[in-house]
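In the form predicted on its own, a lone chain appears below as C-alpha coordinates.
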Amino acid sequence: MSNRLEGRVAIVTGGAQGIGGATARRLAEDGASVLIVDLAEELAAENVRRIEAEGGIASLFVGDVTKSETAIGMVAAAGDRYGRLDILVQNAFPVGEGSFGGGVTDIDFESWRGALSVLLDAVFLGAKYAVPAMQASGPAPGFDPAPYAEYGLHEGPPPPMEVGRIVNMSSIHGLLQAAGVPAYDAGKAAVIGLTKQMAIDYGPTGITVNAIAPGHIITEKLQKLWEQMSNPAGYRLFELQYPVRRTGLPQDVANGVAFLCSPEASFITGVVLPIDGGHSIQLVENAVVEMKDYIQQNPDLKTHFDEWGAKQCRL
(Lines give C-alpha, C1' and ligand atoms only; values in the text may rest on other atoms or scores of the structure.)
Protein backbone atom coordinates (compact mmCIF):
# COMPACT_ATOMS: atom_id res chain seq x y z
CA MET A 1 0.00 0.00 0.00
CA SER A 2 1.14 3.55 -0.76
CA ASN A 3 0.27 6.55 1.38
CA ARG A 4 -0.28 9.30 -1.16
CA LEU A 5 -3.98 9.48 -0.25
CA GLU A 6 -3.50 8.87 3.46
CA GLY A 7 -5.97 10.83 5.56
CA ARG A 8 -8.32 11.43 2.66
CA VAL A 9 -11.90 10.18 2.48
CA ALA A 10 -13.44 8.99 -0.78
CA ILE A 11 -16.93 8.13 -1.95
CA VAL A 12 -17.13 5.73 -4.90
CA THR A 13 -20.59 5.24 -6.39
CA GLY A 14 -21.19 1.95 -8.13
CA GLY A 15 -18.28 0.60 -6.12
CA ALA A 16 -19.45 -2.98 -5.73
CA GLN A 17 -17.75 -4.40 -8.81
CA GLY A 18 -16.44 -3.55 -12.26
CA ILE A 19 -14.71 -0.20 -12.71
CA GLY A 20 -16.14 1.12 -9.46
CA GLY A 21 -15.05 -1.94 -7.53
CA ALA A 22 -11.50 -1.71 -8.83
CA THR A 23 -11.43 2.03 -8.14
CA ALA A 24 -12.54 1.56 -4.54
CA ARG A 25 -9.77 -0.98 -4.02
CA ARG A 26 -7.13 1.20 -5.66
CA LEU A 27 -8.01 4.30 -3.62
CA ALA A 28 -7.91 2.20 -0.46
CA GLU A 29 -4.50 0.84 -1.48
CA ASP A 30 -3.31 4.44 -1.73
CA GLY A 31 -4.43 5.11 1.84
CA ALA A 32 -7.90 6.62 1.46
CA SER A 33 -10.87 5.62 3.60
CA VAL A 34 -13.52 4.56 1.09
CA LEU A 35 -17.30 4.65 1.27
CA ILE A 36 -18.78 2.34 -1.38
CA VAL A 37 -22.23 3.37 -2.55
CA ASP A 38 -24.25 0.77 -4.45
CA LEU A 39 -27.63 -0.93 -4.70
CA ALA A 40 -25.97 -4.36 -4.94
CA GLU A 41 -25.55 -4.76 -1.21
CA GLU A 42 -24.04 -8.26 -1.12
CA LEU A 43 -21.49 -7.53 -3.86
CA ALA A 44 -20.57 -4.22 -2.26
CA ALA A 45 -20.15 -5.87 1.14
CA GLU A 46 -17.90 -8.45 -0.47
CA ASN A 47 -15.72 -5.68 -1.91
CA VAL A 48 -15.56 -4.02 1.51
CA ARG A 49 -14.34 -7.28 3.03
CA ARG A 50 -11.75 -7.64 0.28
CA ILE A 51 -10.42 -4.14 0.94
CA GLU A 52 -10.27 -4.75 4.68
CA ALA A 53 -8.51 -8.08 4.18
CA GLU A 54 -5.83 -6.22 2.22
CA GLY A 55 -5.33 -3.72 5.04
CA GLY A 56 -7.55 -0.93 3.73
CA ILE A 57 -10.44 1.01 5.23
CA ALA A 58 -13.89 0.79 3.65
CA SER A 59 -17.58 0.67 4.45
CA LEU A 60 -20.89 0.40 2.61
CA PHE A 61 -23.82 2.72 1.96
CA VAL A 62 -26.80 1.25 0.12
CA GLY A 63 -28.74 3.64 -2.08
CA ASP A 64 -29.99 4.68 -5.50
CA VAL A 65 -27.75 7.51 -6.72
CA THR A 66 -30.52 8.98 -8.87
CA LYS A 67 -32.32 9.97 -5.65
CA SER A 68 -31.43 13.15 -3.77
CA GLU A 69 -31.83 11.35 -0.45
CA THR A 70 -29.03 8.98 -1.43
CA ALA A 71 -26.70 11.84 -2.34
CA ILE A 72 -27.45 13.58 0.94
CA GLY A 73 -27.13 10.36 2.92
CA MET A 74 -23.83 9.19 1.43
CA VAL A 75 -22.15 12.54 2.03
CA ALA A 76 -23.43 12.58 5.60
CA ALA A 77 -22.26 8.99 6.12
CA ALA A 78 -18.75 9.82 4.92
CA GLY A 79 -18.58 12.67 7.40
CA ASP A 80 -20.02 10.65 10.28
CA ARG A 81 -17.77 7.63 9.73
CA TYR A 82 -14.51 9.26 8.67
CA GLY A 83 -14.77 12.92 9.67
CA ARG A 84 -14.43 14.60 6.27
CA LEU A 85 -14.81 14.26 2.49
CA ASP A 86 -12.05 14.75 -0.09
CA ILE A 87 -12.86 12.60 -3.14
CA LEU A 88 -16.02 11.79 -5.08
CA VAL A 89 -15.84 9.22 -7.89
CA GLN A 90 -19.16 9.11 -9.75
CA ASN A 91 -19.18 5.77 -11.48
CA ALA A 92 -22.61 4.28 -10.80
CA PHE A 93 -24.41 3.24 -13.97
CA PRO A 94 -27.99 2.06 -13.41
CA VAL A 95 -28.96 1.57 -17.06
CA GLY A 96 -32.24 3.26 -17.90
CA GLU A 97 -34.84 1.63 -20.13
CA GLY A 98 -34.24 4.16 -22.88
CA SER A 99 -30.45 4.02 -22.84
CA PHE A 100 -30.22 1.47 -25.66
CA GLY A 101 -33.60 1.69 -27.32
CA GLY A 102 -32.95 2.64 -30.95
CA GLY A 103 -32.95 6.02 -32.67
CA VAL A 104 -34.96 9.08 -31.64
CA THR A 105 -37.89 7.86 -33.73
CA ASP A 106 -37.88 4.51 -31.89
CA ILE A 107 -37.82 5.48 -28.21
CA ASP A 108 -40.63 7.26 -26.42
CA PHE A 109 -40.16 10.52 -24.56
CA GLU A 110 -40.56 8.95 -21.12
CA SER A 111 -37.75 6.48 -21.81
CA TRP A 112 -35.57 9.29 -23.13
CA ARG A 113 -36.12 11.35 -19.99
CA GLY A 114 -35.61 8.32 -17.76
CA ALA A 115 -32.30 7.46 -19.40
CA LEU A 116 -30.96 10.99 -19.12
CA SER A 117 -32.04 11.10 -15.49
CA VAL A 118 -30.02 7.98 -14.79
CA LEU A 119 -26.98 9.09 -16.79
CA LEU A 120 -26.82 12.75 -15.74
CA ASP A 121 -28.96 13.47 -12.68
CA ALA A 122 -26.85 11.21 -10.47
CA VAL A 123 -23.71 13.15 -11.39
CA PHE A 124 -25.46 16.44 -10.67
CA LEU A 125 -26.81 15.25 -7.31
CA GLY A 126 -23.55 13.78 -6.11
CA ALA A 127 -21.64 16.97 -6.81
CA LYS A 128 -24.40 19.18 -5.40
CA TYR A 129 -24.02 17.72 -1.93
CA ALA A 130 -20.36 16.66 -2.01
CA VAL A 131 -18.92 20.06 -2.93
CA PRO A 132 -20.09 21.82 0.28
CA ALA A 133 -18.78 18.91 2.37
CA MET A 134 -15.39 19.13 0.66
CA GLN A 135 -15.26 22.87 1.18
CA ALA A 136 -16.15 22.43 4.85
CA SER A 137 -13.45 19.76 5.24
CA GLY A 138 -10.75 22.02 3.84
CA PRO A 139 -7.35 20.94 2.47
CA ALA A 140 -6.33 17.33 2.85
CA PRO A 141 -4.49 16.42 6.06
CA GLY A 142 -0.79 17.14 5.84
CA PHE A 143 -1.08 19.54 2.91
CA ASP A 144 1.66 22.17 2.96
CA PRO A 145 0.90 25.24 0.82
CA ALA A 146 4.29 26.85 1.43
CA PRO A 147 6.03 25.56 -1.72
CA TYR A 148 3.32 27.05 -3.90
CA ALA A 149 3.98 30.53 -2.52
CA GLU A 150 7.33 30.52 -4.31
CA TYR A 151 6.38 28.98 -7.66
CA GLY A 152 3.43 29.64 -9.92
CA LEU A 153 2.37 32.84 -8.13
CA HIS A 154 3.66 36.37 -8.60
CA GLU A 155 2.23 37.76 -5.39
CA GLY A 156 -0.18 37.06 -2.59
CA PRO A 157 -1.00 33.85 -0.75
CA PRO A 158 -1.67 30.60 -2.64
CA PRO A 159 -5.27 30.00 -3.69
CA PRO A 160 -7.15 27.14 -2.01
CA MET A 161 -5.68 23.80 -3.07
CA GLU A 162 -6.14 20.12 -2.29
CA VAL A 163 -9.66 20.74 -1.04
CA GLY A 164 -11.37 18.13 -3.18
CA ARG A 165 -11.34 15.87 -6.21
CA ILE A 166 -14.36 14.91 -8.31
CA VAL A 167 -13.98 12.30 -11.07
CA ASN A 168 -17.02 11.65 -13.26
CA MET A 169 -17.26 8.52 -15.39
CA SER A 170 -18.17 9.32 -18.98
CA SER A 171 -17.41 6.94 -21.85
CA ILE A 172 -15.83 6.74 -25.24
CA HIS A 173 -19.48 7.26 -26.25
CA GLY A 174 -19.17 10.76 -24.86
CA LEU A 175 -16.51 11.47 -27.48
CA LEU A 176 -17.63 9.31 -30.42
CA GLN A 177 -21.17 8.51 -31.42
CA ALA A 178 -22.79 5.20 -32.35
CA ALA A 179 -25.99 4.24 -34.15
CA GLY A 180 -29.07 3.49 -32.09
CA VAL A 181 -28.05 4.93 -28.71
CA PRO A 182 -29.06 8.61 -28.70
CA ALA A 183 -29.89 8.77 -25.00
CA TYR A 184 -26.73 6.98 -23.87
CA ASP A 185 -24.45 9.00 -26.13
CA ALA A 186 -26.15 12.28 -25.25
CA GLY A 187 -25.98 11.48 -21.54
CA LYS A 188 -22.30 10.59 -21.59
CA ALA A 189 -21.50 13.70 -23.64
CA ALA A 190 -23.48 15.78 -21.14
CA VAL A 191 -21.36 14.36 -18.31
CA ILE A 192 -18.32 15.78 -20.08
CA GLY A 193 -19.98 19.18 -20.45
CA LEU A 194 -21.02 19.24 -16.79
CA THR A 195 -17.52 18.19 -15.74
CA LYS A 196 -15.91 21.10 -17.59
CA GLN A 197 -18.44 23.58 -16.25
CA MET A 198 -17.98 22.46 -12.64
CA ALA A 199 -14.21 22.64 -13.06
CA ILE A 200 -14.58 26.36 -13.76
CA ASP A 201 -16.99 26.98 -10.89
CA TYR A 202 -15.11 25.13 -8.19
CA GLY A 203 -11.48 25.42 -9.22
CA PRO A 204 -11.17 28.68 -7.26
CA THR A 205 -12.26 26.82 -4.13
CA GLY A 206 -9.57 24.16 -4.45
CA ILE A 207 -11.69 21.42 -6.04
CA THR A 208 -10.68 19.82 -9.34
CA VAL A 209 -13.26 18.12 -11.55
CA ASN A 210 -12.28 15.70 -14.30
CA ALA A 211 -13.90 12.98 -16.40
CA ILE A 212 -12.75 9.63 -17.69
CA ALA A 213 -13.86 8.08 -20.99
CA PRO A 214 -13.29 4.31 -20.84
CA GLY A 215 -13.22 2.09 -23.91
CA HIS A 216 -14.20 -1.59 -23.95
CA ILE A 217 -13.55 -2.64 -20.35
CA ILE A 218 -13.94 -6.31 -19.44
CA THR A 219 -15.81 -6.09 -16.14
CA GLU A 220 -17.12 -9.11 -14.30
CA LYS A 221 -20.48 -8.84 -16.09
CA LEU A 222 -18.91 -8.45 -19.51
CA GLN A 223 -16.57 -11.35 -18.89
CA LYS A 224 -19.59 -13.57 -18.27
CA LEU A 225 -21.16 -12.44 -21.56
CA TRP A 226 -17.99 -13.30 -23.46
CA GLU A 227 -17.82 -16.69 -21.76
CA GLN A 228 -21.43 -17.41 -22.72
CA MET A 229 -20.60 -16.45 -26.30
CA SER A 230 -17.67 -18.90 -26.22
CA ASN A 231 -16.11 -17.47 -29.36
CA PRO A 232 -12.41 -16.53 -29.02
CA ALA A 233 -12.34 -15.21 -32.59
CA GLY A 234 -15.04 -12.69 -31.73
CA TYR A 235 -13.17 -11.57 -28.66
CA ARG A 236 -10.00 -11.18 -30.72
CA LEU A 237 -11.94 -8.96 -33.12
CA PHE A 238 -12.43 -6.47 -30.32
CA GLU A 239 -8.79 -6.64 -29.30
CA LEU A 240 -7.70 -5.86 -32.85
CA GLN A 241 -9.68 -2.62 -32.78
CA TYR A 242 -7.30 -1.20 -30.18
CA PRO A 243 -3.78 0.02 -31.03
CA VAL A 244 -2.50 -1.70 -27.87
CA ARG A 245 -4.13 -4.93 -29.17
CA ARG A 246 -6.06 -5.71 -26.01
CA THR A 247 -9.28 -4.63 -24.37
CA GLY A 248 -9.30 -2.86 -21.03
CA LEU A 249 -9.50 -4.10 -17.47
CA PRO A 250 -11.21 -2.35 -14.54
CA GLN A 251 -7.84 -1.69 -12.93
CA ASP A 252 -6.74 0.24 -16.03
CA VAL A 253 -9.46 2.78 -15.31
CA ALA A 254 -8.90 2.65 -11.55
CA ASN A 255 -5.26 3.62 -12.06
CA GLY A 256 -6.34 6.70 -14.01
CA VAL A 257 -8.84 7.68 -11.31
CA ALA A 258 -6.21 7.29 -8.61
CA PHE A 259 -3.85 9.59 -10.48
CA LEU A 260 -6.50 12.29 -10.92
CA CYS A 261 -7.22 12.09 -7.18
CA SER A 262 -3.57 12.34 -6.21
CA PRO A 263 -1.55 15.42 -5.20
CA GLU A 264 0.41 15.01 -8.45
CA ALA A 265 -2.74 15.99 -10.39
CA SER A 266 -3.42 19.26 -8.56
CA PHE A 267 -2.92 21.33 -11.76
CA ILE A 268 -5.25 19.16 -13.86
CA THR A 269 -8.93 20.05 -14.05
CA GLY A 270 -11.70 20.01 -16.64
CA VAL A 271 -10.02 17.32 -18.72
CA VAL A 272 -11.51 14.21 -20.29
CA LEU A 273 -9.05 11.35 -20.01
CA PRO A 274 -9.71 8.59 -22.55
CA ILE A 275 -8.64 5.25 -21.09
CA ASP A 276 -9.30 3.31 -24.24
CA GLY A 277 -6.06 1.80 -25.48
CA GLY A 278 -5.90 4.37 -28.25
CA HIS A 279 -9.26 3.41 -29.75
CA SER A 280 -10.48 6.99 -30.15
CA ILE A 281 -7.36 8.27 -31.95
CA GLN A 282 -7.68 6.01 -34.98
CA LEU A 283 -8.86 6.83 -38.47
CA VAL A 284 -11.82 4.48 -38.76
CA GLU A 285 -11.32 3.66 -42.43
CA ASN A 286 -7.81 2.37 -41.80
CA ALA A 287 -8.89 0.32 -38.79
CA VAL A 288 -11.66 -1.35 -40.82
CA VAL A 289 -9.25 -2.24 -43.61
CA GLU A 290 -6.83 -3.76 -41.09
CA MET A 291 -9.59 -5.98 -39.66
CA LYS A 292 -11.14 -6.98 -42.99
CA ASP A 293 -8.79 -9.90 -43.62
CA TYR A 294 -9.26 -11.19 -40.08
CA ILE A 295 -13.05 -11.16 -40.44
CA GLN A 296 -12.87 -12.98 -43.77
CA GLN A 297 -10.57 -15.60 -42.26
CA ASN A 298 -12.96 -16.16 -39.33
CA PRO A 299 -16.46 -16.38 -40.86
CA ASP A 300 -17.92 -17.98 -37.72
CA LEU A 301 -16.84 -15.32 -35.27
CA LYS A 302 -19.52 -13.97 -32.90
CA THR A 303 -19.69 -11.12 -30.40
CA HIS A 304 -22.13 -10.25 -27.65
CA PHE A 305 -23.09 -7.16 -29.68
CA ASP A 306 -24.23 -9.10 -32.75
CA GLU A 307 -27.99 -9.12 -32.15
CA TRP A 308 -28.03 -5.52 -30.95
CA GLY A 309 -25.79 -4.34 -33.78
CA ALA A 310 -27.93 -5.93 -36.47
CA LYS A 311 -30.94 -4.00 -35.22
CA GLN A 312 -29.11 -0.67 -35.14
CA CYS A 313 -27.38 -0.74 -38.53
CA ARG A 314 -28.70 1.75 -41.04
CA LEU A 315 -27.78 1.14 -44.69
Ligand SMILES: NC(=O)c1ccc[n+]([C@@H]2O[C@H](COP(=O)([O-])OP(=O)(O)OC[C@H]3O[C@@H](n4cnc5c(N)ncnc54)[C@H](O)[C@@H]3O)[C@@H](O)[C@H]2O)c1
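Residue numbers here begin at 1 and follow the sequence given. Treat the numbers as computed from the prediction; the structure is a model and nothing was measured.
FYI, the form predicted in complex with the ligand isn't displayed, but the following is about it.
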| item | value |
| --- | --- |
| Partner-proximal stretch of 131 to 139, 158 to 166, 182 to 190, 229 to 237 relative to the ligand in the predicted bound form, 4.5 angstroms, heavy atom | 182 to 190 |
| Candidate spot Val118, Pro214 and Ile217, all three touching the ligand in the predicted bound form (heavy atom, 4.5 Å) | yes |
| The single option of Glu54, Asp64, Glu46, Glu290 touching the ligand in the predicted bound form, heavy atom within 4.5 Å | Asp64 |
| Listed residue (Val244, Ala149, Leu222, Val104) with a non-hydrogen atom within 4.5 angstroms of the ligand in the predicted bound form | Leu222 |
| Proximity of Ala40 to the ligand in the predicted bound form, heavy atoms at 4.5 Å | yes |
| Exercise: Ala16 in contact with the ligand in the predicted bound form, heavy atom 4.5 Å | yes |
| The ligand contact in the predicted bound form: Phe93, any heavy atom under 4.5 Å | yes |
| Contact label in the predicted bound form: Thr195 to the ligand, heavy atom within 4.5 Å | no |
